[in-house]
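Here we start with a single chain on its own, the form predicted on its own, put down as structure tokens.
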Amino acid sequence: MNKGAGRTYLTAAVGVLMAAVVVFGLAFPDSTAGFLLHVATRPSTTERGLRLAVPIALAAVGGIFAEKSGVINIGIEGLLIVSAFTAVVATHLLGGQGATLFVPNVWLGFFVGVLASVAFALLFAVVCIEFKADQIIAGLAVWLIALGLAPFVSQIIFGRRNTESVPTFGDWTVPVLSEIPFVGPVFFDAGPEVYIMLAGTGVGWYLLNRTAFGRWVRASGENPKALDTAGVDVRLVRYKSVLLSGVFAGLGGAGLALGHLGRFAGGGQTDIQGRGFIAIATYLFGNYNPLGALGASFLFSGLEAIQLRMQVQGFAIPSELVRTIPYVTVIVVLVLVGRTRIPEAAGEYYDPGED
């Protein structure tokens, strides 16, 4: 049996299993399958899934720009950490509920978090593009620096690894539309970070597929020599792409911290909990398409929302096992999708002086 046929059979088996769960859940609403079906179709689960998708989807869009240009940025996890942590600290230092120059401090903290992510992305770009560092090692270094720096600075400012709580954005309610059954509470009574995610994904798709810059990004990752011959500075395109990855990851990290958490826990994996690495899996699953990455992000975050609900209900399943559901699903999805073709020149340093 070849790999293609095996993948087809596995996909069919997963589809049959999901259909069986739905049918059994409808027939026996008091069963575990019935409970899962009930939880999965609740507006509150969808709403939570959208909030949890924010850092994954936005970081994935940023990762697409970097990798399509030829720079593999696996330090996205670090960018999420530094942006989330900095956003909370800046909001705390500015005074939380107040405003500065008529701008709410929570929004100033949000933008400071994005700037911190861009600064780390610039550092990564300089190391990789100017000094020809190995991109994988440099990305790991960014992650490890952020992983250690956040709890260290938190210890200095707050006297512990976890920050103080700060105000969050609150929901934006659209009159009339928010009253629409199911759709209203999910899309028209949501936090601004959700709208930023949806708008950011759309902007990312447009930049990549409908602009000259998007064509340069794709050419930089596929055939940088041809792009250079056409008179476009490959290094500049890669710099801009990596900085864009910092912008998008910063929006995701700061959005998670100030739109959902209201604080930052620096212990262990931190509050980011591997979402940057999941973002890499989602854009591979989405075949470097921002819209596909958004859908894959919501698949993961929706499952995370379901497993959180299962823990609250106290299912007779070890909580450690329940928490693995989203991660195992990501692995299964990647197996079903198969191998994604990465850009031809991804991970390779380009020297304009070489023949």
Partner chain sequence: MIHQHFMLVDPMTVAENIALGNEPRKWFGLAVDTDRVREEVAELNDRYGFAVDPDARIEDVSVGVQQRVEILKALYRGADTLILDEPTAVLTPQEVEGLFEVFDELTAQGKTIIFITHKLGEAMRTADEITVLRDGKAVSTVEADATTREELAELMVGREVLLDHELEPSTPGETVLDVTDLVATDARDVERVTGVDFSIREGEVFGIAGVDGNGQAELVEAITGLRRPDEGTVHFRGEDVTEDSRRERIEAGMAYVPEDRHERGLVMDFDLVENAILGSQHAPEFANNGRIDWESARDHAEDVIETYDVRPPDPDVTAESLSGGNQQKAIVGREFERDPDLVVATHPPRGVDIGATEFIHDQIRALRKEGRAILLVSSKLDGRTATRRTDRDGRRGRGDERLRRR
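Just so you know, these numbers come straight off a predicted model, no measurement behind them. Residue numbers count along the first chain shown, from 1.
Keep in mind the form predicted in complex with the partner chain is missing from the figure; the text below concerns it.
Just one listed stretch, out of 245 to 253, 109 to 117, 215 to 223, 78 to 86, contacts the partner chain in the predicted bound form at the 4.5 Å heavy atom level, and that stretch is 215 to 223.
A single residue from the set T173, T229, T100, S165 has any heavy atom within 4.5 angstroms of the partner chain in the predicted bound form; that residue is T229. Looking at 194 to 212, the residues that come within 4.5 Å of the partner chain in the predicted bound form, counting any heavy atom, are Y206, R210, T211, A212.
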